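First comes one chain, alone, set out as structure tokens in the form predicted on its own.
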Amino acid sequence: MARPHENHREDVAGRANVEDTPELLAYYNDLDRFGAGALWTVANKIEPWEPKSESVPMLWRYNDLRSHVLRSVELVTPEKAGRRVIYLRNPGRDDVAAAVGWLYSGLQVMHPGEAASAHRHSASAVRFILEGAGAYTVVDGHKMTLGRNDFVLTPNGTWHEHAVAADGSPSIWQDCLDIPFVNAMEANFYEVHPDLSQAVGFAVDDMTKTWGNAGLTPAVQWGKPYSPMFKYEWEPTYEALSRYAACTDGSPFDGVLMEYVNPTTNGPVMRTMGASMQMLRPGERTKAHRHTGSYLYTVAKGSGHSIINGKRFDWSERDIFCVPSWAWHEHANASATEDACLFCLSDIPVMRALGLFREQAFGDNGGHQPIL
């Protein structure tokens, strides 16, 4: 039986505009029998005038989700679940379990004394710590303690495991991975550690102590394609933002924004995902722009709102929201006295590496979008 036929026509010079006829429909059916089709029937669909994201802007309120995340502790164990995570669904990306674009995200919870077994995979992962005490992760033998708003890498191919010390407190962090992208490339592998755990072979927090020293580079060789700074701590990040804010007007679109970088290359922390932290000063409201690439924001500090494709989303600390590719967006700090900080994970390294990054400022209405 022939598949249902769709003819995506546009009455524009240079675009496919072939009218269906009985003879053509029969021809399409013949092609379908041999696993083929006529390009002109789908050309306008697969080559749109501009990006058309399947993702929809979303806001996940932490206070709404937190109790449900904690309840999962009563229902499943890390041993049975592999990872006890409540993932963030985007109705436009349900087919690939992505939060936005090709980025997956979820909230992982562990209680004191619990440990998740070690594994590795082709997908790259990051963690952004939301709450708790005593949590730690081990990546290729490097143990890192985890504090609020710390940003942690578990690059592709590295053994990693997570736990919370017995004298710690319930801990929740945000997982972000490029799983949908790697799956789209049909290149994902997954492996469980043969011992289910790995030995710690270095001093605790050695990677941050080695590579996070205010621009001073150690006499150590690092030839891997991801950052050796497996943990970027919140306190020095916020201090750097505050110092920079004192001497810059910032970006009209992003406020005071700084990128997390690989200290050996000054490039992105990983090849498929980039990260940044931005500060919106008291009362600051940015102008609207849009760009290719998907953005996933976590509110590290303060409260405010963002307008995404004309819809307002009000956010506060630990909330998570997404900006799909080529969506107009702008941000505003709700406080007249306190700054607000947004952590952002994106696929911009992929966009730039492939020459696909484009950006556009909103030109009307003083640079701001009308709210729908």
Ligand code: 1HN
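Being a predicted model, the structure only gives us computed values, none of them experimental. For every residue, the number given is its place in the sequence shown, counted from 1.
Keep in mind that the form predicted in complex with the named molecule is missing from the display, and what follows is about it.
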query: Non-hydrogen atom contact residue 121 with the named molecule in the predicted complex at 4.5 angstroms; finding: yes
query: Heavy atom of residue 151 within 4.5 Å of the named molecule in the predicted complex; finding: no
query: Touches the named molecule in the predicted complex: residue 229 (any heavy atom, 4.5 Å); finding: no
query: Contact flag, residue 177 vs the named molecule in the predicted complex, heavy atom cut 4.5 Å; finding: yes
query: Joint contact, 85, 104 and 108 to the named molecule in the predicted complex, by non-hydrogen atom at 4.5 Å; finding: yes
query: Options 229-237, 216-224, 278-286, 113-121; stretch whose heavy atom lies within 4.5 Å of the named molecule in the predicted complex; finding: 113-121
query: Position in contact with the named molecule when the complex is considered in the predicted complex, options 142, 301, 127, 291, heavy atoms within 4.5 Å; finding: 127
query: Residues in 158-176 close to the named molecule in the predicted complex, defined by a heavy atom within 4.5 Å, in order; finding: 160, 162, 175
